[in-house]
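The form predicted on its own is given below as one chain in structure tokens.
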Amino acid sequence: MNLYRIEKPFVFSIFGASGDLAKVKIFPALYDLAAQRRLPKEYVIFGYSRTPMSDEAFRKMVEKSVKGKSTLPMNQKILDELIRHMFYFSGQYDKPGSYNEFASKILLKTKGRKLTHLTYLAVPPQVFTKISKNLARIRPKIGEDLRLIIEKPFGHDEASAREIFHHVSMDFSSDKIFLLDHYLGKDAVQSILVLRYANSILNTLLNGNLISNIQITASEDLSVANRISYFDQVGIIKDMIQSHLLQMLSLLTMELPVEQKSESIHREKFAVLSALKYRGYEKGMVIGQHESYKNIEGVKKASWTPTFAAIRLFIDRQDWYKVPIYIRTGKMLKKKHTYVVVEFKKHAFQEKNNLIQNNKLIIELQPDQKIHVKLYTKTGGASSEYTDLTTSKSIACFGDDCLPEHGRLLLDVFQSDQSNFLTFEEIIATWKFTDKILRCSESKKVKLHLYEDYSDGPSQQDALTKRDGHHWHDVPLQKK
């Protein structure tokens, strides 16, 4: 892998710099870029937040965050050099006067030069439009090459997403807006398209006429206590399915464009996401809540927030409309494991042969990143038994130039490459689909099942796959 190195001076501003996203993801990603010598000699990084703080206090906060979260070996000299370029600004998100002061501070640090300026909105969706409007107002002062990075959640439903789209697009052209879902920065997720482009056999097989069903599982063995104020408002469907898992599905099932350009990729992803159909109403989903959820501080005793969801859906496109797709995800489950199982159909003459199982393509995303192809063959000798013949290969990044997802995506922004980001059209399509599911679940016609902590989730999930004569595939974790 030969990742990009930034050559030109730049300004990087982080709005919400005192929050968890900045501490857990953005500051460590910047250190990783510095440690791999990907930053130029000249650059300025600003933290912008409402919390009063000195430059010195901000730098200490960054140092603590990097040492706690960076994936690379710690080099104090490199960290000190990075921090030397970092400054803090305390201001309001909705006050034009704060932005005038901020613009003056930027120009002071850049010696009046108007450099490429990346702004990362690590803030709640309700202040996206306030920040974008004020940034657009000072853009003539600080430089026209102002790129806006916005991380999910993009609103809380279709209507709020459309409102964000309306206001942000009034001030920024689409090529300057980078809508970030960190799942799209993961090696294994990016490998889906790489594998399809590089292997005609694999891409030919990813055809709805040949597939029995698709299953996407994303289980977590951790609580959401550290972000309960957010999670209790949104629940597992908005948190995981609306963006992360539907994006993975689109990469797997979209038509492969001839040219691997961002515009072509987004066009094909949108074609899938706008064709998603939820059938069966209350019988098409299972939701649950782990037993200790209401014991978390800040959760109301009457909370209906699901921590587990399994849904059955379809894609209304010619090759896919009869292929059931099952998605399940939950918190406080038995293990942390994210994987996709594509189960292929048998030949018509094999249908009654129970000795032969369906072939499968399995893509693991976490904790390991691997691809498996499961075939079957007869055992030797006089035995008539069939046994699985599985080929496995790691698709994780190895070497000194590997980066976590936020580091990779930041490099894409510097290159103005939108391939691994979203478009507002995709976001609105997924919200349109998700809103239908949420209306069904919130009608209370769907029972909220309690499940034990560190279990497999509610047993009622099995009914979803049994409707079509299938069952969930539990992929075992590889022993270290």
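Counting begins at 1, following the sequence as shown. Keep in mind that this is a model prediction, so the values were computed, not measured.
Beyond the structure shown, there is the form predicted in complex with 6-O-phosphono-beta-D-glucopyranose (BG6), which is absent from this document and is the topic of what follows.
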Is Q366 a contact residue for 6-O-phosphono-beta-D-glucopyranose (BG6) in the predicted bound form, using a 4.5 Å heavy atom cut-off? yes
I'd like to know if D157 sits close to 6-O-phosphono-beta-D-glucopyranose (BG6) in the predicted bound form, meaning any non-hydrogen atom pair within 4.5 angstroms. no
Though only this chain appears here, would Y183 touch 6-O-phosphono-beta-D-glucopyranose (BG6) in the predicted bound form if you measure heavy atom gaps against 4.5 Å? yes
Contact label in the predicted bound form: Y321 to 6-O-phosphono-beta-D-glucopyranose (BG6), heavy atom within 4.5 Å: no
Whether E42, K114 and K176 jointly form a contact site for 6-O-phosphono-beta-D-glucopyranose (BG6) in the predicted bound form is the question; each needs a heavy atom within 4.5 Å. no
Just one of 232-240, 71-79, 270-278, 105-113 has heavy atoms within 4.5 Å of 6-O-phosphono-beta-D-glucopyranose (BG6) in the predicted bound form; which? 232-240
Among R84, K336, H166, K95, just one has a heavy atom within 4.5 Å of 6-O-phosphono-beta-D-glucopyranose (BG6) in the predicted bound form, namely K336
Option touching 6-O-phosphono-beta-D-glucopyranose (BG6), based on a heavy atom within 4.5 Å in the predicted bound form, out of D187, E343, D171, E220: E220
Would you give me the residues of 405-420 that have any heavy atom within 4.5 Å of 6-O-phosphono-beta-D-glucopyranose (BG6) in the predicted bound form, in order from first to last? E405
